[in-house]
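Next up: a single chain in structure tokens, the form predicted alone.
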């Protein structure tokens, strides 16, 4: 085997190596033009079978990490469907993805290595059994969440007129996920070229389908006017024939299709959680084994040759993966770049000091849409003449009708679709109508959007901006007035930006759109009508822009002109920076307390260099935020300052919303939310101490 190892190290493919050196090479020639489709199908079926058996056999030995979900008994589904793929077609799989990956054309060695956590794995050991990405193959282990992403990929290819289609695999358990139905609705509305393949195992983990699913599986697709075909077979030829018809229809006629395959998995849900009657599973294997069903179509000699070759391939791939190195942790494990993409012709929006924050952001959207046809604006009620709940998108759909997409009320589906578009090279900007609704997109943001780049070993990028209005003082009540960005602070792979009336908020948005990584862009509602401020308009203040070389999101510093050196640092962002600025002015003129106001526009990841520099000058820090006090942004900032400064930081305090839902009543709302008087009171108490 030593010479074969050297051949593979020199990039000779596995198939060629086995053809040259396998003892059965003379009986079964891979390069022979006479090779029949039936032989190749059997090879694919048996190849998946032997891989999965090897995984289950070796898991108890501690050679693999985490868990695994084998595809034993379902091999005909992957082979039957994916046999008809074209080179540019996309496959999005779920937690049970090994069979799909191998049928797509993936190598055994890199899949073994990924399960072992090795650097040579499909994703360098970062993804493990459930999270794979190679060429146009993707998988993620979160049920349901993959489906809007796959739909978005299909829509991106349609927009690019590439003729590629998408195949999305889901299990019967996923039929309980609401985001699936958002995806079906969007796929049907927008004629996405996608084939949904339902692999109905009759049991979701340990719950039989009759206890978890009401109604008909096929009726679910029919309700969205999606043509659906249903098969109850383990015969790869039957599946292949129907899959080809559906894929051809999707490819040449457009629109989504669905294929429901009633299938039986022989193994447990994962590696040891099978509660089914062993006799029932044994009956499955006797009656519905796809390998055994196809085997009699081959002559015994050819079948034996294929099995010997695959057995050798499995052994070789496993041993090679075992000898591969583990990844090294290095400084290159960054998950966000903070720099615009080099291939974007960035046109920074011009700043007009008579303009408002709203006009600046709207101008930025107009300019980015006009300069880059990959940029799309997606959201609810954003078409003209309405132009969105806060009019940020006004005028866009009239000027760019092909780039502005209005959607149903489907926040999770919208963000998932946009993520799929971003993965395929577009640059979507999603508007979530109210910041309160970001709770509905948490799965898409945290388990998909923010993770894709790193989880897939930096093989993909997700240039997606999610923008939303946050905050209260509009009388909208408990579910439309919250400040919830702290839910997304600290999510690896996600940057959280908060524009201010200082500088040019539109330019900040344009830079975010040009970035190759996902952005969460938080716009406080009361900022929209604030006029932009600069050094000339801020007559009482000296303004400095402190921009790190590693990011385009500036931090601003304001202090009273010709005043003594600041003796207190106040830190605030968004609209709270406007209130804090007025508090700084009143503190100076009414109480002779001089403060430096530090206003960051990037909340996460947070670079505390500028804050530390100010705190070292004053030794006192007051952090102001509109969200609730407990576990807020301010707590994180002060913790970092204490870590950096220790006893140098003599006093620290937070001003934040009180621990109540935001009331609709104006006087009550003012009581709950922090205001100028709260900032002044806290500052005075700090100075008196």
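Numbering follows the first chain given and starts at 1. From a predicted model like this one, the values you see are computed outputs, not experimental measurements.
Although not depicted, the form predicted in complex with a small molecule is the subject of the following passage.
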*Would you check whether the small molecule, in the model of the complex, lies within 4.5 angstroms of a non-hydrogen atom from each of 56, 98 and 315?*
no
*Which of 422-430, 136-144, 571-579, 278-286 has heavy atoms within 4.5 Å of the small molecule in the model of the complex?*
136-144
_If we define contact as a non-hydrogen atom of the residue within 4.5 angstroms of the partner, is residue 109 a contact of the small molecule in the model of the complex?_
no
*Can you check whether residue 172 is within 4.5 Å of the small molecule in the model of the complex, heavy atom basis?*
yes
*Using the partner position in the model of the complex, report whether residue 355 sits within 4.5 Å of the small molecule, counting heavy atoms only.*
no
*Counting only non-hydrogen atoms and a 4.5 angstroms cut-off, does residue 177 reach the small molecule in the model of the complex?*
yes
_Considering non-hydrogen atoms and a 4.5 Å limit, which listed residue (451, 374, 220, 269) is close to the small molecule in the model of the complex?_
269
_Give me the residue from 470, 603, 204, 396 that has a heavy atom within 4.5 Å of the small molecule in the model of the complex._
204
